[in-house]
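Take a look at this single chain, the form predicted alone, given in structure tokens.
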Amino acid sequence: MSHPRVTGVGLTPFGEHSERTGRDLFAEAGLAALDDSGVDPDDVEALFYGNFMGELAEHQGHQAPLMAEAVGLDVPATRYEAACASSGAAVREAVRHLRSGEADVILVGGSERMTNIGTAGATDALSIAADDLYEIRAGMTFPGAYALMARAYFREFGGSREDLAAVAVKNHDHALPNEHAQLRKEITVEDALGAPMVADPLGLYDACPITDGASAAVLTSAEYAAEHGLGASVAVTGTGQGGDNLALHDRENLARSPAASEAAEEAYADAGVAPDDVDIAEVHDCFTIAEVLAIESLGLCEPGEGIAAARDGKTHATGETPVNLSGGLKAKGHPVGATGVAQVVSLTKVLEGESAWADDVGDARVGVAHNAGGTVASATVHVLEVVA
């Protein structure tokens, strides 16, 4: 089985772009990816596009054809919605189509506008990714849900707010050289601990910001890349997807993310690698506790050990397994529908040696992207490797 190549990537700056439309944002990212790829746009056969809250934030459903038009493509276009894992799901479908031979060139991407509806509006819009009947109507928000998960983790394994603050400090540090990041601001553990409490034990710096932005990547079959001399050195060698009960009260253990574990096991088996082979990771750190749960689900740490990984430097750029060199959702930003592809973009740049952290991770050859929806009721994991 040949592995699809990542032949071009593009991103908008992540941040507040309330004056821009979603189609404007995606056009910037999509055209950048096409230009980076060297692929003739006439060869693109489909657009797979992730978006979550377009109806609520822009009063615009059925976005995929609109986005294809925005980048000048007259191709079948499909929108994927899996909450915050929407474009991770789009990547997975693109990989499966390329492997099956149904297509040779697919543009995959996503975008989201969130800041135009304000913090309260975005919080309300995001809440529809939870169980409306049993969670939203009871007043639960996502900060509250992840606070419950953090408390469950602390009860089972121990840990402290200082441990979570170390995750935030690390990811802010990683974002400093990232020109696309929303929060290029150094913080200290004291800053994080002194910030306003959002949902105990999570404070303001434990949460990712509300973000506008778009991402895109051109994926091609290995054969197409070779025939056209594209020289793409990074391939998607593994894909996996997992699921869980939507509502937290229906889960056996809030200190675990079985959907992510299932996705990781499938992706690793698909790629023929093991967690010990992973050099770098981009994980879904919508809250600091989410990064802890993610790296344990990916097998980068044993259960109960992830809480100390940032504090001990293991997941820093200079550590054993750098996590979220882009700054992660926490500091790079989290335009929901764009996040999954943005992770692929970031990993590709690092694996190609085009990273501000190249001196620290220049020999990285295997990266993993972990994208989660809701409280990880949906999860996708992709393995990217240097193959040339």
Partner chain sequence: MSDKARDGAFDDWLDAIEDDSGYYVECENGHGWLPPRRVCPDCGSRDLSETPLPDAGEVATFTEVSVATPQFSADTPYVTAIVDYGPVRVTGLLRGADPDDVDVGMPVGIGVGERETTGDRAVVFRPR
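Quick caveat: nothing in here was measured; it's all calculated off a predicted structure. Residue numbers count along the first chain shown, from 1.
Beyond the structure shown, there is the form predicted in complex with its partner chain, which is absent from this document and is the topic of what follows.
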| query | finding |
| --- | --- |
| Segment assignment from 224 to 232, 77 to 85, 245 to 253, 180 to 188: heavy atom within 4.5 Å of its partner chain in the model of the complex | 245 to 253 |
| Single option in 169, 301, 199, 278 placed near its partner chain in the model of the complex, where near means a heavy atom within 4.5 Å | 199 |
| Contact assignment for its partner chain in the model of the complex, among 101, 139, 158, 272, heavy atom within 4.5 Å | 139 |
| Non-hydrogen atom contact residue 176 with its partner chain in the model of the complex at 4.5 angstroms | no |
| Exercise: residue 124 in contact with its partner chain in the model of the complex, heavy atom 4.5 Å | yes |
| Proximity of residue 147 to its partner chain in the model of the complex, heavy atoms at 4.5 Å | yes |
| Contact of residue 308 with its partner chain in the model of the complex (heavy atom, 4.5 Å) | no |
| Residues within 4.5 Å of its partner chain in the model of the complex, restricted to 301 to 320 and counted by heavy atom | none |
